[in-house]
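A single chain comes next, written as structure tokens; it is the form predicted on its own.
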Amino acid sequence: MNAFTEKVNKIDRRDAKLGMAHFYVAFIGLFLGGMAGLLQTLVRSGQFTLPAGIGYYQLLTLHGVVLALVMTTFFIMGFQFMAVSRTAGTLTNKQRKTAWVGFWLMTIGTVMAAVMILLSEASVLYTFYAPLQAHALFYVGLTLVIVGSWTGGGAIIMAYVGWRKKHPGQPSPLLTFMALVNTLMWIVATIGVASTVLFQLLPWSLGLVERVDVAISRTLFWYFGHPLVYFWLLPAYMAWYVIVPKIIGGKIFSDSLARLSFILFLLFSIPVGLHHQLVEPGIDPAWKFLQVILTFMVIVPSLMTAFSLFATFETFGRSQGATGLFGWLKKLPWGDARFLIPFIGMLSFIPGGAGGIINASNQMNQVVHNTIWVTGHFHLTVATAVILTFFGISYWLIPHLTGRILTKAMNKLAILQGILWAIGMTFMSGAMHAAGLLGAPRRSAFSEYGGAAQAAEWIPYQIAQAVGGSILFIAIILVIYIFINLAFFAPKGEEEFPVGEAANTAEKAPMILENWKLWLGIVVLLIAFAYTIPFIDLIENAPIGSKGYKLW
């Protein structure tokens, strides 16, 4: 955390500029989306009325699109570029130019979509479910974000291919391998949402066609919507597997296990979208059941990750002389924000993952499906496990890129920020889960429901959500302050980009894990198996379709 005496392996300044450009957009998005989220919780509490001209669903759309789609995508692309630059070598001019083209396409698309939301032309929520109809420029903007991410992904693929050509027969650097897997998964997954936007929603919003097939558009969205969760999660896993071991002074438990878990995510995260549609008509229950089974397969690499992480922690603790069953816990660097913040994220993923198992279980899904329980679930997974890990990454990566250091004062403030986030999310997400079990709906602006007796049970939980949301917004202000400090004002120096080494250096990752024809071939087969017949059924039995609605 202080200036290193030895030479730090620095990322090239040209690559650093590319990374920082992505992070500036990501943290602006964090502030705007966080503000929208705070206002939502205040409205739901029944204690606050929005000023005239601002709609609740307008805020809900801004919150979802800017945080779940924009902030995450910009941060992930920036982090993956830096991981590749650090481990596979500085990007070539061609790779860097390709990445910059992707950045500007994503930025232009983001501005277009955000302007349409702010003009109240696109209050269709982050799922932009038909038959709610947004302005055509909203769909064009989201398309540009996706195309930009493909372009940036192309730069990562080029860097990987270039490294493999220079090092034939050798396994690629672990962080580069992980970035490639996440990029491939993202490209395959976004084909679904790009298809529904380009061929259904855009022509429909332009008036070229009168009606849209709602079931097909939702199915294509969730083909993308579930792997989107893993697109968020895998960069956090990259930090957990490779970076956190170095920060604590330990070793990666197993390089091969880490690679295998990522391959399993690639295989099983995409053909499972129907578990988001368990109550949706028009899809045969047998195919829903099949995808529920495939969903449960994704639990395997998650458990592999949990095992690997805690094996790393215990091995390190025992190497420091720890005894007893949990003595190793005392040896971990609890005063280092670079470790503590991601660790809080890891712990939150335990109840978050358990909630995901409930959501994917056919019978239990019937109880919680359209309730605020689901909102509580993804605030534990994405808004805690993933985002806290991203903050933990920022606390060393931003100063590394700007030639500054994380001072003791900023480290303490970062720890305070993480603790505040954990407290705020415990209030907010806990209240959402509890209210959901009592039947409180999600995607709803109402608090009292006309004085209904059942709704009276929900109001205390909605007030608790507002309390949690307020604490979370204070944490967002803190993290923005820390980001600005690390980017512009912290003392000059050299902050480490920590990359862990495998515990067993003799262990060589099997080259079959880098046989992309094999793995992508299996991905295509699984997708074809899971989706072909349901899609044929949806097309053959298609209803007349729906006209567009604007209900705001």
Ligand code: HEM
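Start at 1 and count along the sequence shown; that's the residue number. Everything quoted here is computed from the prediction, not taken from an experiment.
The form predicted in complex with the named molecule exists for this protein as well; it is not shown, and the discussion that follows is about that form.
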### Single option in 197, 82, 372, 76 placed near the named molecule in the model of the complex, where near means a heavy atom within 4.5 Å
372
### 157, 476, 185, 360 - the one with a heavy atom within 4.5 Å of the named molecule in the model of the complex
476
### Task
Evaluate residue 164 for contact with the named molecule in the model of the complex, applying a 4.5 angstroms cut-off between non-hydrogen atoms, and reply yes or no.
no
### Query
For residue 150, is any heavy atom within 4.5 Å of the named molecule in the model of the complex, or not?
no
### Query
According to a 4.5 angstroms non-hydrogen atom cut-off, is residue 469 in contact with the named molecule in the model of the complex?
yes
### Query
residue 275 near the named molecule in the model of the complex, any heavy atom under 4.5 Å?
no
### Stretch in contact, per heavy atom within 4.5 angstroms of the named molecule in the model of the complex, of 506-514, 54-62, 486-494, 520-528
54-62
### Task
Determine the residues of 439-453 with a heavy atom within 4.5 Å of the named molecule in the model of the complex and present them in sequence order; the list may be empty.
442, 443, 444
